[in-house]
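As structure tokens, one chain now follows by itself in the form predicted on its own.
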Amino acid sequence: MRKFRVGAIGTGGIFRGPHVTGWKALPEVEVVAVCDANSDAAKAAAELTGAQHVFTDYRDLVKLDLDAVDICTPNRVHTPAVLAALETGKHVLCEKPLAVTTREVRRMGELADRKKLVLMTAQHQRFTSSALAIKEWAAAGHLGEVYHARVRAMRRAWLPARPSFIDHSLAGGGPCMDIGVHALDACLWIMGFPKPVRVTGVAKVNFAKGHKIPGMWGEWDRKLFSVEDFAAGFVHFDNGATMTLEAAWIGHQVENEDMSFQLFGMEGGVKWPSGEFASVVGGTFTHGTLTYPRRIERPHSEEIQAFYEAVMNHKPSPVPWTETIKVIAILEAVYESQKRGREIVLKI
């Protein structure tokens, strides 16, 4: 019986680590082709996966007979690679952010819809035990209508040193697009993805051009650094809810990393990823910790399995572009607000 054939574009650490693990966990799947602009990285990925075909140009890879393409390139390459794969009839799993502008997300999404292909953003935080526990708790009515959210993706000194993260021409953004997108997507997912309508934000460089705080991942090219190292935003939604968002790679804080969100609902409140909740039952204060019945050790593997099952069973994308576009709209508006010095009204 013919196996499900996957091609990979971009074979850096995120692919060779959690993505390869996820694909190998599915016996019905084989990675038959790999592509990377760095030929040594492509060859290393081929040895790891057993792929027969090795390319340095994604346009060659998508010409093959493939069922799906897994894209793990720098952010700016996502759009052309996704479009090329979709145009040739392949389903696509693409690492976050799907794109750095809403215009690109819409272009990809509408093409996938026209061709009836699955396009999924790899937002693996949705597949963690803590997020799934909160999702089910909220779905049961314990959270109620959310009126405010706090989202944080803050690091003390974990600034990625590679050009693909700090060069705007490759990354399209700093911590907003790198780690802010994780916490923001998970939070909006629990909220049911209300429509963002207005955003005020700041995006600036506080420490990355200087030498005050050493990087835990080593030195970076300060002349090449052309994205923000800190961003914050305030979001209004069409249902009256509000949100604060903070994202940083480097800054003075006690925690090495604070990747979290807190939701304030009319029936209760909850924190992620701790699962701590608070409510009132019969006039009595109650609080505790939510625990998912199944311990998920590899959320990337869970997302890859969800993508595979959606393709095989002709189901909708587990992370549809119509949700992703709201995430990117908020992050894009933070940058635009910084540029224009005013609140941005969203039209998505």
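In case it trips you up, residue 1 is the first one in the sequence shown, and so on. Since the structure is predicted, the reported quantities are computational estimates derived from the model, not experimental observations.
This protein has a second form, the form predicted in complex with a small molecule, left out of what is shown; the following refers to that one.
query: Taking heavy atoms only, is residue 165 within 4.5 angstroms of the small molecule in the predicted bound form?
result: Yes, residue 165 sits close enough to the small molecule in the predicted bound form that at least one of its heavy atoms falls within 4.5 Å.
message: So, residue 117 and the small molecule: in the predicted bound form, are they within 4.5 Å at any heavy atom pair?
response: Residue 117: no contact with the small molecule in the predicted bound form.
task: Give a yes/no on whether residue 10 approaches the small molecule to within 4.5 Å in the predicted bound form, heavy atoms considered.
output: Yes - in the predicted bound form, heavy atoms of residue 10 and the small molecule come within 4.5 Å of each other.
message: in the predicted bound form, is there a heavy atom of the small molecule that lies within 4.5 Å of any heavy atom of residue 275, even though the partner is absent here?
response: Contact with the small molecule, no.
message: Please tell me which of 72, 243, 143, 99 lies within 4.5 Å of the small molecule in the predicted bound form, judged by heavy atoms.
response: Of the candidates 72, 243, 143, 99, 72 is the one lying within 4.5 Å of the small molecule in the predicted bound form.
message: When the small molecule is placed as it is in the predicted bound form, are 35, 78 and 95 each within 4.5 Å of it, taking any non-hydrogen atom of the residue?
response: Yes: each residue has a heavy atom within 4.5 Å of the partner.
query: Which among 205-213, 228-236, 118-126, 249-257 is in contact with the small molecule in the predicted bound form, heavy atoms within 4.5 angstroms?
result: Heavy-atom contact with the partner occurs in 118-126.
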